[in-house]
Structure formats: C-alpha cells, structure tokens
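Next up: a single chain in structure tokens, the form predicted alone.
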C-alpha cells in the first residue's frame, strides 16, 4: 500500500510539473505576441490614418477644396505618396449634372486610386445648371487635389442665333424615326458643341495649360506611376487618346465637306507632316470616318485656344452641323488634331487602360499588364479589332505595334 501511495504521489507531482511548464511556455508566447503587436502598433503599420477625425480632411470654402497636404488613408507614421518634382499646370475636367453624382464618384475613385492619390491634381466640374451641395460635398471628399465648380454660360449651351429651329427640329424627328443614337436629343447636341468649342474657354479652365477629360462610369484598369501631363509636355505632344474607331456615317454626312471648305479658306492652318493618312484614304478627297474617342483625352489647352483651332470650330459652327446633323466632338477634335497638328504631336497611351461602355483599351503586352498591376482581360482589348482605327495610327506614324497584337485581332 505504501509503495502504491508513493507512486500516486509521484504521478501527481509530475502532472503538476508538466502543467507548470505548459503554463510557462504559453504565458511567455502570449507575452511575446503582445509585445510584437505593440511594436507594430507603435511603428504605425497597423494604425489607420484618420483616428483623429481632423486628419486628412479638407475644409470646404465655397466651391473649392483648399487643403491637400495629407493623403486620406495613409498609414500613420508613413509619409503620403507624392509625385517627384513639380506638378504641371493641369486639371481633370468633367462635364456632369447633379444626377450623375454616383457615376462620377465611381470614376473619381478609379482616377484617384490608380493615379491622382500620388499627384493631387485639381478637378474642374462643369454643369449647365448650378451644382447642389451634395454633389460638391461628395466629390470634394473624393478628390485629393482642389475641386472647382462652374456653371456654363447660357450662350455656350443653347442654339446660336443663326440656327433655323424648325429645320433642326425636323432633323431630330427624322433621326428618331431612323433610330440613330441620340438622334432626337437636344441636350446631346448642346454637349457636343460645348465640348467642341467652349469647355476650354470656361473661366475656371483659363487657369490651366493641360487637361484630362473624365466622364461618369469609366474604369482605369492599371496603375499610372508617372505623370502623363509631364510626359506630354516633355515630348511636345498636344493631343492624346486610348481608343479610336469609325464614326456613325449618318451623324456626320457633311462634316468633311465643311472641313474641306475650311482647308481651302485657311491653308495657313494646315500643318506640314499632319495625320491626313489617319483621316482619309484618298489624300483628303473623302473622310474615312476614323476618329479618336474623346471621352478620354489628355491635351494642351493652349492649342485648343489657338487661332487655328478656333477658326476651325467657328467655321463648323456657322455651317450648323451640330444641329442640322449630329456632329460629335470626337470627330471634330480628331479632324482638328489630324490636320492642325504634326503627326508626332499626337500620342497613343498604350499603358493607360481604360473602359467606357462599350469599348475597352487593355494594354497589349503581358509584361506591361503585370508591371502595372492591370486587372483587365486582354481578350476585351479593342485596339486591333476591325472596327478600330488604332492600327492605322501606328501605320501612318511608322510605329511598331506592341508584341502580341496579332493575337487580339479576332
């Protein structure tokens, strides 16, 4: 009995000893984990900027966002991402209505996340009606640069005096019967005329030299780690695009006639070494309807405000095709760039991945897509399809097409 009791006591002692060891190890491990967590917290890696509700906020001052010194959501203890070197005198510009708020909010997030959070460029919003406070409050909270809001003068968003209203109405009725897209829309025609000849003359836009046009519900699929404005300036570019295609013939039946009349009246404006080969297959006799899609464009405002461009717009405006037909700003900008600029002054941004319904530009080249963290499907890329004019742009400029373009032609 005595020996059995002794054995039991030894087992109990061993058990207590084992439990003590387990407890000690567990306690030490937990202390170490808590210590490590404390060190991460101290270094700011797990801290979120904005614990102080004032951090990163931008005070409202009328229609302008005045503070961009800190980037929202930058981890505490880490400096905000900034551009290297001075920024260009540039702005984003958006034509929108109050009802477009949530669609343009989506676009702003795309632009900020992929590019502007590192550069903090301004944003100009234009509307033919006053912007409401909700639109201003939401967009100001999303933009890392300054925001400005302008109302378009009535004379820039109305029928000019020389337009025959009855004739214009009959054109709209006819286009509606033929089911031409936006054929019966008055506001769409005002928009096309405004984007063709007036957005760059708005008071707020006069403060800038460069612009990047952004529309509601667009997507940017890849990181943009450099400054396209600076690229344009450094390389003497004045106009750029990411998508090109053929225009609806029914909307511009006499646009080229008006253009030819302008070329004859103003030969001094036609640039040597221009891009006529992009616009015409027969040396300028007829228009092949190729144009660069203007819902994305980065360009030089001084060029748009030049006598050459203004003379071209005024000639078109007098002919009345914005209302007697349905001339779009995309072919107007494209023809102007193609004729008034040297071909090397126009740039195609392969590395800026972009979507606007229904077309996608997804960079050609797997390495480019991986390096830029792109999330677009290369099968959706429109560049080399039969209805795109981008291949023509490469050909007339003697440019080598990106590796892999052959696989995207179908």
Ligand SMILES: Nc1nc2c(ncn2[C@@H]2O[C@H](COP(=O)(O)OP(=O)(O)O)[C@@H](O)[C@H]2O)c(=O)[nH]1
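Positions refer to the first chain, counted from 1. Just so you know, these numbers come straight off a predicted model, no measurement behind them.
This next part talks about the form predicted in complex with the ligand, which is not shown.
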In this shown form the pocket that the ligand occupies in the predicted bound form, once superposed onto the local C-alphas and checked for 3 or more atoms within 2.4 Å of backbone or C-beta atoms, is open
Find out whether any non-hydrogen atom of residue 178 is located within 4.5 angstroms of the ligand in the predicted bound form, and reply yes or no.
no
Contact label in the predicted bound form: residue 226 to the ligand, heavy atom within 4.5 Å
no
How about residue 319 - does it come within 4.5 Å of the ligand in the predicted bound form, if we only consider non-hydrogen atoms?
no
Residue-level contact is defined here as any heavy atom of the residue lying within 4.5 Å of the ligand in the predicted bound form; does residue 96 satisfy this criterion?
yes
Within 4.5 Å of the ligand in the predicted bound form, all of 297, 360 and 383 (non-hydrogen atom)
no
Pick from 215, 219, 311, 247: which has a non-hydrogen atom within 4.5 Å of the ligand in the predicted bound form?
215
Here the chain is shown alone; which of 171, 191, 204, 105 has a heavy atom within 4.5 Å of the ligand in the predicted bound form?
191
Based on heavy atom distances of at most 4.5 Å to the ligand in the predicted bound form, which listed stretch, 235 to 243, 127 to 135, 283 to 291, 260 to 268, is the contact stretch?
127 to 135
Give, in sequence order, every residue of 159 to 188 that has a heavy atom within 4.5 Å of the ligand in the predicted bound form, or say none if there are no such residues.
182, 187, 188
